[in-house]
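Next up is one chain by itself, shown in structure tokens, the form predicted on its own.
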């Protein structure tokens, strides 16, 4: 598998990605994670894995609450930085979600902030779901926090610019072949750069089909980080909780 040809392996490991998204709301993330821990009523002996963990901020926060947490991501530089916070109950590894090297070790698997649907095909999505099933203990839970594609497409801003750290990021968005595509172009030190983000416009039906076909029961669907019920036409998020069959 040649990850160099996949947009996310290059873009997510770029310093410009972290520059563009540096103002993401940490307090919102901690609010969401605290709500999840309350929802799962997770005891401190539960093992949690953060799939596509980036630099590990969510895993680090969960570990600060007393949980044994593992974070995995394809971006080597991000994992290198995350490992600066590692301890005996907090571990980080470079791994591809399509080839996870664990077996029935975790009670809860988290895939947060639209870290799904990056691949070229739904067959690869299903492979990820298979791997999540493999790494969970029987009766374990998976939570997938995805965008509500329908609302995102309705509110799509076709062109915008952001001036960050003396760089002008020019951003355009469109829908193409069931993907929401974001093109990012800019210049730095007289060098032109262009990156592309492509995320499948997956629906609640897509997730339900994939999860139930791979040994999960759908448990709950939330529409925001306050864990209110999902409403197809208005909810900002599509947050799915499913349980592995015993």
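Residue numbers count along the first chain shown, from 1. It should be emphasised that the depicted structure is a prediction, and the values quoted were computed from it without experimental measurement.
Just so you know, the form predicted in complex with a small molecule exists too; it's not on screen, but the next bit is about it.
- Although the partner is absent here, residue 148 lies well away from the small molecule in the model of the complex, with no heavy atom inside 4.5 Å.
- With a 4.5 Å cutoff on heavy atoms, residue 108 does not count as touching the small molecule in the model of the complex; it lies far away.
- At the 4.5 Å threshold, heavy atoms of residue 58 reach the small molecule in the model of the complex.
- Contact between residue 113 and the small molecule in the model of the complex is found at the 4.5 Å heavy atom cutoff.
- Three-residue candidate spot 202, 222 and 232; no residue lies within 4.5 angstroms of the small molecule in the model of the complex by any non-hydrogen atom.
- From the list 133 to 141, 151 to 159, 172 to 180, 113 to 121, the contact stretch for the small molecule in the model of the complex under a 4.5 Å heavy atom rule is 113 to 121.
- The listed set 75, 82, 90, 129 contains one residue whose heavy atoms approach the small molecule in the model of the complex to within 4.5 Å, identified as 75.
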